[in-house]
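The chain below stands alone and is given as structure tokens, in the form predicted on its own.
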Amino acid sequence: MNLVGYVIRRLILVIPTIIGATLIVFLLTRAGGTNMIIAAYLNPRIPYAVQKAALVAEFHLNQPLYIQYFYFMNGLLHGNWGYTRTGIFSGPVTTAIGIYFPNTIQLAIVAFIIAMIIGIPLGTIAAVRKDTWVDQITRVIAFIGISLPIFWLAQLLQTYLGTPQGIKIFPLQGTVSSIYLSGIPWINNYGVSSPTHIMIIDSLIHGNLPIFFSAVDHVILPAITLAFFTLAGIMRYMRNSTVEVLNQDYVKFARAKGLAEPRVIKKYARRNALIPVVTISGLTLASLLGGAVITETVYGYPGIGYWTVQAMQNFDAGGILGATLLFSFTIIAANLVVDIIYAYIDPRIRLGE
């Protein structure tokens, strides 16, 4: 099977996965009764009594579940994900996602890049220097990264890198300094900018370099926190995968031909060692995009995770429903992308179909 055929097949298989995810969310919402369903779609600007009958009729809540599911999916496909009422935003759930998800994308991508740039070389070095002091150090770093609670790491970084008593002063909260939260028409009171809702990009669009540098400073500590957590897994996977590849016959043959060790590692070992790393990296990025909930909450970073916590604290059914669906779709999309990259790197995957 060629790559195009493999991609088409994977796209087709995504459809039942999406249906399954939406079905689970649908059944969970129905388990809470009619009032919980209605609460997710209540517009705070319209009286409850006026809306209740209309919502029962719109979603056919007096009909069998399979009919309700049909209208539930129809609402999702038309962008009707309900309403959210939190301290940082009140309005349609899709609007809230559009506002807060870009910040999470920015934070996740920066953290992911840092983790990949550091984790892959360190994992490779640890494999090449297997059982030496270098390998032991990377192992300790990986174990600390995997076991250390992320909220504690965030608080440690805030204490030692974000206060006057620390090594260097980094901002502790938000996406930009508080002096820019008033008087700037394209930044709201919660540090969300327009038009892209990514402060670094919007500051360049508006030609404001002081805000740009402030935004860069504000993303450093949250990104380091997420990167360290992600780095540990990538480094261990890369190390173990490289150790296995270095024992393969084709690597031994390349060495027997007299090729320099750096060339053997780069050309013959690293490409194949990256295959399992691609899998764990793609899923890790998906989890970050799904919402770095703890990190964003500790740093007061207005991303999708921070908004989700606000929704849970306010018992906001619409926000919780929307966040759950978004996380599900993100994981599904990440699995699809990982499968495609996996097949591109290793043709044996698609040939085996």
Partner chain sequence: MVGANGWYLKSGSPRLNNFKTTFKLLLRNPGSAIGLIVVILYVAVAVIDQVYPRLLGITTDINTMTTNFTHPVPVPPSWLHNFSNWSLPFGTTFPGIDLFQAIIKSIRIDLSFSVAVVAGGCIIGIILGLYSAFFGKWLDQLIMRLTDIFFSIPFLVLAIAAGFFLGRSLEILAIVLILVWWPTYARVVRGQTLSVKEMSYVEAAKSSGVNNFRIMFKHILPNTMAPVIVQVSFDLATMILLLAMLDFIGFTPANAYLPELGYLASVGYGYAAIGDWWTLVFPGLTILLLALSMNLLGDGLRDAFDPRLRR
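Rigid core here is just the name for the largest C-alpha set that superposes within 1.5 Å across the two forms. Just so it is clear, the model here is predicted, and its values are computed rather than measured. Positions refer to the first chain, counted from 1.
The discussion below concerns the form predicted in complex with its partner chain, not included here.
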query: The single option of 160, 213, 250, 186 touching its partner chain in the predicted bound form, heavy atom within 4.5 Å; finding: 160
query: Heavy atom within 4.5 Å of its partner chain in the predicted bound form - residue from 86, 80, 208, 240; finding: 240
query: Exercise: residue 260 in contact with its partner chain in the predicted bound form, heavy atom 4.5 Å; finding: no
query: Heavy atom of residue 156 within 4.5 Å of its partner chain in the predicted bound form; finding: yes
query: Contact flag, residue 147 vs its partner chain in the predicted bound form, heavy atom cut 4.5 Å; finding: yes
query: Residue 139, heavy atom within 4.5 angstroms of its partner chain in the predicted bound form; finding: yes
query: Region of this chain that lies against its partner chain in the predicted bound form, out of 113-121, 271-279, 232-240, 87-95 [heavy atom, 4.5 Å]; finding: 232-240
query: Three-residue site 29, 143 and 324 fully in contact with its partner chain in the predicted bound form at 4.5 Å by heavy atom; finding: yes
query: Residues of 4-20 having any heavy atom within 4.5 Å of its partner chain in the predicted bound form, listed in sequence order; finding: 13, 16, 17, 20
query: Rigid core superposition, residue 247 Cα moves 2 angstroms or more between the shown form and the other one; finding: yes
